[in-house]
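Only one chain is shown below, in structure tokens, and it's the form predicted alone.
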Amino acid sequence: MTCLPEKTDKKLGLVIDLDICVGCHACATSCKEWNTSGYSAPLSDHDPYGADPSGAWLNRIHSFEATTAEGVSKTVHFPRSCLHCEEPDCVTVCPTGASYKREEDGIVLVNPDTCIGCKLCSWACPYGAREYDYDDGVMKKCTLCVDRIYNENIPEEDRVPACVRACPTGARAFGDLGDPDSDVSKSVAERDGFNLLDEFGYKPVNKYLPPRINSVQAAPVAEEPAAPDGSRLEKLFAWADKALSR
């Protein structure tokens, strides 16, 4: 059994705004591109252009249709990746210590050198965030681009997870959720951000901002004013209709 740190110095994580995520998959493709040559490399693909493609993806997007009691509907796109929980069973169940939570920033990682591919962590994770790489024989997961966020060889504005940098709508934000004065913590407080499956007690660090479904209203259809009976315009349309119908 792998032990967790008593506390972490930071709680680095993501805040995802479900109201403005458009489901473009830019976060997923940029994650794949960065990590397939980074800490988690390789991320294998099987028959990527065939009828039944499969492979290791650290970020996946699901789309749902949400409807209010008034019948107003909205498509909600739901990105899913590791939530870097404060109490992750995927870590404590690991028999070799390959899965661990870092004390300095709270990021949950997998050491590929000691992972034996037993998949116990994937069974323990209720979020489906663990990906087994059949080519590499080990488990893969979101690393919050740990090899990027601390990399002083790239511009400071790029020292965020690849998914955050690529999002065209700004639906993804990165920061220290253990700091109540951080921008991400303030946005969670202002928008009533929530934990995914909070009732399980894993205390996810990543938060979701709910979609503003109740604000979506059907636009009223403007009615064109009817022409008065016997008007010249009405007579013109009647003549044109009769002429074209012959």
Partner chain sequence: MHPAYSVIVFTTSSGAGYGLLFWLSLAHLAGRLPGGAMAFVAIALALALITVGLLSSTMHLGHPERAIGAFSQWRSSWLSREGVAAVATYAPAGLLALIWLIGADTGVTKLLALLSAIGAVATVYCTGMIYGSLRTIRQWNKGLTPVVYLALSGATGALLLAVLMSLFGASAQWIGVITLVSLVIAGVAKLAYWRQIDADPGQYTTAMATGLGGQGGSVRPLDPPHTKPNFVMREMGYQVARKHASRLRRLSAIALFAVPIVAVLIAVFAPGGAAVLYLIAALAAGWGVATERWLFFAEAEHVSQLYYGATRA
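Numbering follows the first chain given and starts at 1. Worth saying up front: this structure is predicted, and the values here are computed from it rather than measured.
In what follows, reference is made to the form predicted together with its partner chain, a form of this protein that is not presented.
J.: Test of understanding: in the predicted complex, would residue 146 fall inside 4.5 Å of its partner chain by heavy atoms?
T.: Output for residue 146 is no: heavy atoms all beyond 4.5 Å of its partner chain.
J.: Can you tell me whether residue 75 touches its partner chain? I mean in the predicted complex, with a 4.5 angstroms heavy atom cut-off.
T.: Heavy-atom contact with its partner chain at 4.5 Å: present for residue 75.
J.: When the contact criterion is heavy atoms within 4.5 Å, does residue 53 count as touching its partner chain in the predicted complex?
T.: Looking in the predicted complex, residue contacts with its partner chain include residue 53, since a heavy atom lies within 4.5 Å.
J.: Find out whether any non-hydrogen atom of residue 41 is located within 4.5 angstroms of its partner chain in the predicted complex, and reply yes or no.
T.: Contact check for residue 41: no, nothing within 4.5 Å of its partner chain in the predicted complex.
J.: Counting only non-hydrogen atoms and a 4.5 Å threshold, tell me whether 8, 141 and 152 all contact its partner chain in the predicted complex.
T.: Zero of three within 4.5 Å in the predicted complex.
J.: Do any residues of 110 to 129 have a non-hydrogen atom within 4.5 angstroms of its partner chain in the predicted complex? If so, which ones, in sequence order?
T.: Residues within 4.5 Å: 112, 113, 114, 115, 116, 117, 118, 119, 120, 122, 123, 124, 125, 126, 127, 128.
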